[in-house]
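In structure tokens, one chain follows: the form predicted alone.
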């Protein structure tokens, strides 16, 4: 069984990609919505939540765990790997492909405050910033909008525009999504970028497909692929009915 967790429903964007490469596996997804968003929590608070959720997923039968949250990956995955005898797959902002493909020489990163100040992200940025200008902005209100199911329309566009425009104004033609909630705003991000800079070929980069491929490789290497029929269990620290509604809206519709 594949365990996946996030601060809320954002990790469903990763689950969606994982299901494409592993369609016949059993899944358990945990949304820590009672403690969402993680971007405003301390490192110790996030580690404590990650430990508790990991124990829950292992007790439920998970053989491998995907930390489908950039902030939790940055704060807790090294601790989890030290304390638990199971493989963990984490998130990493896709700065490398953005830096390698930019034509303007400017890469924009949208992420939570927790991700942008984490050593993991800072080290990644440092490795791929030679000859490239990297500009950053917190996606203010992005997580909260997605948690409410607001992903398109005027309200979503206003939220996205406020954080995206500063990056585009700096010349960014690659926008890296550094939070798993943000891909659900992809349509709106593209619409706003096209409206603001129609002459610029802006590419939005979601790391979830690469994470799914990495999970597949690790599971193949460790002999964890079962092919014994798809199933999905949804769990949350918050409102389970809301999680089920958002799963249907964000994954199925």
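Numbering follows the first chain given and starts at 1. Owing to the predicted nature of the structure, the values given are computational and were not obtained by experimental measurement.
The same protein also has a form predicted in complex with a small molecule, omitted here; what follows describes it.
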Exercise. Since the chain is shown here on its own, which stretch among 196-204, 47-55, 66-74, 216-224 would lie within 4.5 Å of the small molecule in the model of the complex, judged by heavy atoms?
Worked result: 66-74
Exercise. With a 4.5 Å heavy atom cut-off, would you call residue 192 a contact of the small molecule in the model of the complex?
Worked result: no
Problem set entry | 4.5 Å heavy atom contact, residue 179 and the small molecule in the model of the complex | yes
Exercise. Is there a heavy atom of residue 36 lying 4.5 Å or less from a heavy atom of the small molecule in the model of the complex?
Worked result: yes
Exercise. Though only this chain appears here, would residue 143 touch the small molecule in the model of the complex if you measure heavy atom gaps against 4.5 Å?
Worked result: yes
